[in-house]
Structure formats: structure tokens, C-alpha cells
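Coming up, as C-alpha cells: structure 1 and structure 2, two forms of one and the same protein chain.
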Structure 1
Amino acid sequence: MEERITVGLVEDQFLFRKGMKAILSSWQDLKVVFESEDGYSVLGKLKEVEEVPQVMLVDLSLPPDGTKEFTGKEVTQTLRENFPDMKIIILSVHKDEDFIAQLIECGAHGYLVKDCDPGEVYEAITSAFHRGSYINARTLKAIQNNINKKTSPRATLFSLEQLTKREEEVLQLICMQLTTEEIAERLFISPKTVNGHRNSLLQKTGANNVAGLVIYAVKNGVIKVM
């Protein structure tokens, strides 16, 4: 019998992680050798372990009480740098094409949405291991559309830059229903400055108004809502 493929799981929801482990166990040629609940501890845990998994399934839900959240992109990049041979498969609820494309660009070897079936997870793992990647139709489409966007002139204007610390701080206060003046008081700065941050936020996130900003904050884990 051939060596089994060793698999690692990064997933914050305990139940889902255990469920996934149970599912994967039904394939004889897979072996779950690593589990982690968040992006923080992955690296540390991996260095202490004798058996480094060949394929890592990474879920992108954020840890619910993260002071500084570790996004899927960061986890992917970190893993790629430290374990160049490891294949990384992203598991996420996001169907957004930009989002998918960004992950692949960061070095992920595959992308699965969470409503796929167990068979596809298996296929992704084996494909990533044997052929180096698993790109399904949706992922391919996302990558292609993203390339088109990049070559189009609008992309450079609208590109999703990262928020600065101050912007993130302002965004959190906006989500807490504070007005510009209240935020200014809270941060001991001029309302005009807050206004500037507001505008940067709207531009960077592509939102039209506070509603869009709040949604962005929720989606990107800038605030925790549950």
C-alpha cells in the first residue's frame, strides 16, 4: 500500500473541524495529522510537530475574539514561506470572485466553497498532492475575471488597498454608531481628520456609504458581530 496523504486542518469552529475530520477519515488514503483552530498558532504548532502535513485545509472564518485577526491571506502567505512544499487548499463561505482570485494569488493551491460535497474535498486534496493544484470551474472563472480586471484601467483606481491602523480604528467607531464628531473627540483629533479617514475608507473599500462600510467591516473581520 502506498503512503497515505497527510492532511492538516485549520478551522476555528470546533464542531466543523471535527466533522471534517470525520469525513476525511472515510478515505483510506488520507490521514489527518494536524489540527489548529486559528491562524496564529499554526506556525508554532507546525514547528513542534514531527509530521508536517502535505496538504493543509484552511478555513477563512475568523477567530471570533481576535484582537488582531489573522486573515486567510496572511495564513496562506506565511505557510507558503515556511513550508514551500505544502499544498494549501482554502475552504471558505465566500463566493466572491475577487476574494477567490486574491487567495490563489497569495499562493493557495485550491479553493473550495463550504457547500461543496465531501467528494470534492477529497478530490481537491488528492489533486493538490499529486498534480500540485486543484482549480475547479468556479475558481478558474474567478482568476480569469480578475486578470481581466487588472488589465482594465479601472482596476488601478479601485484596487483594494489595505486599511491603515487609524482607518481601521475609525471604521470600528463608525460601526459603533459614533458620528464623525464623536469619533474626533474619542481619538483627540480634528473632525476634519476623521473625515479624511472616512473618505479613504469609502474609497479603499469601494463602499458608497456607512452601510457599505459596516458590511465590509463584518466581512473582513474588522469588527466581530457575534
Structure 2
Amino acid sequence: MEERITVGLVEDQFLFRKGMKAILSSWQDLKVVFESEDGYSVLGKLKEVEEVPQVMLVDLSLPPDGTKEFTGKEVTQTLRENFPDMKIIILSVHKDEDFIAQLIECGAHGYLVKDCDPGEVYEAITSAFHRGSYINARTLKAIQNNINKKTSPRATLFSLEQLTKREEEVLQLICMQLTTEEIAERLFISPKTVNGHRNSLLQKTGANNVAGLVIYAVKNGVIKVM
């Protein structure tokens, strides 16, 4: 049996959290190993668990730590600093593009609206784990619209010149949510070579993760949303 993906839940609404846990537990390749009703205690709790989640689902709207806000954005930043390999997917009732773009730019690997289909939650978790991100059409459009407000054409051309033709090809396929093995097969190169190009892309673009590469690609016109 294939090793299961370990998942964590950070959600203050008890019924929603338990319902989500029940849904996730119905898939044999997922295993819920962590729960928290707030964000500010997550780091301390993670230091005490036997299994650290590989993918964490984090509610955007979480209770404050006294007078200090500690929303999904703060949780994302904290987890990125302390668990850089963990994939973070934001759950929210907000469909506002600014919210979506900000969270992805902050380091989240995906963004789901709470009224989405359970199948999409499963797809997001497995995609984030295997491909490094889950960027659906809504998220991609939000990133593009947000960047269009801030980016000048001159900056775009200068940044794009940093990449080789092969790196640009790999970046396009990463944005299509292909795995390392799928990219290798498509370009007739080895997975090791793909990983080398991915690492080079991360270094050249200054991106922290695959979601960051998607932001770079949209910003520089490597991919476009119609």
C-alpha cells in the first residue's frame, strides 16, 4: 500500500473541522494527524506531535491571540519559517481576488473556497503534495489580475531575460501542474535534470516554492489567463 499523505487542520469552527476530518479520512491515501482550533498555538503543538503534517489546511479567519491578530496569513508565515517543506492550503469563505493573491504571494501553496466540492479538496491536497502547489483557474486569475495592477512592462521584459529557453519550457509545464516525472517525459530529459532546472528557476526568480514560480510566470507573461 502506498504511503499516506499526512494532513493537518487549523480551523476554529468545531463542526466544520470535524466534518472536514471525516471527509478526508474517507480517502485511504490521506491521514489526518493534526488539529488545532486556533493559529497562534500551532507551532507549539507541532513540536509535540509524533507526525508533522505534510499538508496543512488552514482557515483564513482564525481567533486572535489576545489583542494580536493571528489569521491564516500569520499561520502561513510561521509555518513557512519553521517547516519549509510543509505544503499550506488556505480555506476561506472569501472569493475576493485580493485575498487569494495575497495569500499565495505570502507563501501558501493553494487557496480553496469553503463551498468547493470535497473532490476539489482531495485534488488540492494531492496536487500540493506531489506537484508543489494547487493553482486552480480562480487562483491563477486572481494572481494575474493582482499583478497587472502593480507590474510595469519594462520590469517584465528585464526579468524574463534571466531564463534560458529550457528553463522557460520547464516553468510553463510547472504552471500546468505537471509532476517532475511528467515534465521529464514531455521534454525527453531525466527527472534529475528537471529538478536541476526547477532549482535554478527558484534561485533566479527568488521564489520560495512552486506557487512562487507560478506568480513569476504570470508576472512575466510566460503564461496567460484568458
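Since the model is a prediction, treat every value here as computed from it, not as a measurement. Whichever C-alpha set is largest while still superposing within 1.5 Å between the two forms counts as the rigid core. Sequence positions of structure 1, starting at 1, serve as the residue numbers.
Quiz item: Is the form predicted in complex with the DNA structure 1 or structure 2?
Solution: That would be structure 1, which is the form predicted in complex with the DNA.
Quiz item: Leu213: CA shift of at least 2 Å between structure 1 and structure 2 after core fit?
Solution: Yes; Leu213 is a residue whose C-alpha shifts (by 2 Å or more) between structure 1 and structure 2 when the cores are overlaid.
Quiz prompt | Core superposition between structure 1 and structure 2, C-alpha change of Lys204 at least 2 Å | solution = Yes, its C-alpha moves 2 Å or more.
Exercise. After aligning on the rigid core, report the distance the C-alpha of Glu185 travels between structure 1 and structure 2, in angstrom.
Key: Displacement of the alpha carbon, after core fit: 70.3 Å.
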